[in-house]
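Next comes just one chain, in structure tokens: the form predicted alone.
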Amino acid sequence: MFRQVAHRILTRSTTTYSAGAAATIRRPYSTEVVADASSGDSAFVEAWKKVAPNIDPPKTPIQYMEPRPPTPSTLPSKLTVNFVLPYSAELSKAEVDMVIVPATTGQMGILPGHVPTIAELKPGLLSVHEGNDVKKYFISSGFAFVHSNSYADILAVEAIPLDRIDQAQVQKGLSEFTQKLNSASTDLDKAEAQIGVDVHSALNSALTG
């Protein structure tokens, strides 16, 4: 049953029918969105007018999308970075020399012209380099999206500037979670303690590295 439903969903046509005529709609990728999206999704607007001609149609998501600059023909000198948390934006269109992120495969440096990449992030040190200025953050987890036009979008669940972390509290927490791990009697207790050890170990490494 699940396979049949999945097959119907995956092979579902994007063809819409109007007055007996079929018109195939191809939705553009974010990098293909034109600068003037004021008209929105024309097919949606036309369909709305037929159902509710006296009510203005709502805006569609495409109208809120800012067009991403095209891939340059030459290697740019700067990397444009957006560093976003659920509650704030640490960096917005910041032009920097390099960003180093704690990917699950290891520390990954991102420079202008980096190949398009999606990297999962683990607890660790994220550093933003601009000339001699280096901003360091400790992040809990997230993803880094590197685009072909030298833009990088970094999404983290939690992040805090490294200079705001109390090293004494980190070492205390590492000691407490290590003791909990050694005395854990259930799989759940072991898993929770192991997470605490891993995060505090990463914090300690970021502060002492």
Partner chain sequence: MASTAAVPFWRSAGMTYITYSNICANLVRNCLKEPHKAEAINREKVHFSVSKWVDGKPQKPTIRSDTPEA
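Just so you know, these numbers come straight off a predicted model, no measurement behind them. Numbering follows the first chain given and starts at 1.
In what follows, reference is made to the form predicted in complex with its partner chain, a form of this protein that is not presented.
Using a 4.5 Å heavy atom cutoff, Pro123, Gly142 and Gln194 all lie near its partner chain in the model of the complex. Residue contact check for Arg164: one or more of its heavy atoms lie within 4.5 Å of its partner chain in the model of the complex. By the criterion of a heavy atom within 4.5 Å, Thr178 is excluded from the residues contacting its partner chain in the model of the complex. Put simply, Gln169 is close to its partner chain in the model of the complex: some heavy atom of it is within 4.5 Å.
In the model of the complex, at least one heavy atom of Glu158 sits within 4.5 Å of a heavy atom of its partner chain.
The partner is not drawn, yet in the model of the complex one stretch among 71-79, 91-99, 105-113, 132-140 has residues with heavy atoms inside 4.5 Å of its partner chain: 132-140. Shown without its partner, the chain has Tyr87 as the single residue in segment 67-101 with a non-hydrogen atom within 4.5 angstroms of its partner chain in the model of the complex.
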